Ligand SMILES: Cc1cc2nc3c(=O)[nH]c(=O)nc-3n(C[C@H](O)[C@H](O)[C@H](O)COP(=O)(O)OP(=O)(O)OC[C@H]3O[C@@H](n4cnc5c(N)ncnc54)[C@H](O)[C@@H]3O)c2cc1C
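Listed next as structure tokens is one chain, alone, in the form predicted alone.
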């Protein structure tokens, strides 16, 4: 590691690696730091991704990280009714341990320096108190590394974002607890579908998923919102025990973590600083997926960084292009999605069954994109659902 860079990026997840790649491609001197000894582990992800995202990243649909191809989904209401969800252009379940390395490889090929097993312990400040780099520790040795811009891409906890002074609000309502097993020797009715199971009894304010990684292997997980008598793991274990096709399976990996859903940051920038990915709450609230959002944001962040450095203005105002781009291209839509999620989280199983009987799989796709006009019509026509209308306004 040198002692001076144009950009230091803290966290080599998808958002960090994409930011590193695009800033390095523009000729900037970039350092990407990762506290873990291996990029991509441990995974905290269902590992589903749309082909459109792979296309945007420049990857083929049969890259080595692709485990299984997906052409749609099936969602089960509390009553057991199945809604088949169209898959559009399709997608895949991937191996994050390999995918994240691909993103890091591309950042390195573009010219970014990458250093793993390095913990950032603090932020350097100039005489005016503005961020000017990082304090880091590698194998017990301390480093002070200066940079024009520091990027936080260190996940939902974002120690760096908090140190910098970003205004977070990780209240329990906006954080989902996730738990997942990778399981082998299970039966999957159609391995080319993603499976979703909803209902307050099995997954309060969330859902259970099965994402196939092959004919008899899948990620089986749960996300639940808020505080409950049981943990996410306990809810998931109970559901597995009552599901014959899954309970006979062997667990070959366990993962757990928190997922931000909503409470988007109005401003993701400070003087000489910005945040991407989970560190900026850039997650789709309806399914908790952050891969697409983090990689999209990484490109936008890189553009703003390059433009700010070229203009000689890396202040919060100079980096504000990032806020404008993200809110125009992703944020406003995700805020509409957040309203749908708020309504969903307040639905009883009875309400979920009533609504599932009145919608189609295409309507589910619309809702996941924040288009809630049909849902509002259903709610307004049913007196038992009227209390949900306020969440969609």
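Numbering follows the first chain given and starts at 1. Please read all numbers here as calculations on a predicted model, not as lab measurements.
What follows is about the form predicted in complex with the named molecule, which we do not show.
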Residue 298, heavy atom within 4.5 angstroms of the named molecule in the predicted bound form = no
Could you tell me if residue 314 has a non-hydrogen atom within 4.5 Å of the named molecule in the predicted bound form?
-> no
Heavy atoms within 4.5 Å of the named molecule in the predicted bound form: does residue 322 have any?
-> no
Within a 4.5 Å heavy atom cut-off, is residue 236 in contact with the named molecule in the predicted bound form?
-> no
Using a 4.5 Å heavy atom cut-off, indicate which stretch of 105-113, 208-216, 72-80, 123-131 touches the named molecule in the predicted bound form.
-> 208-216
Even though the named molecule is not shown here, does it sit in the predicted bound form so that 200, 262 and 349 each have a heavy atom within 4.5 Å?
-> no
What residues in 256-278 sit within 4.5 Å of the named molecule in the predicted bound form, counting heavy atoms only?
-> 257, 258, 259, 276, 277, 278
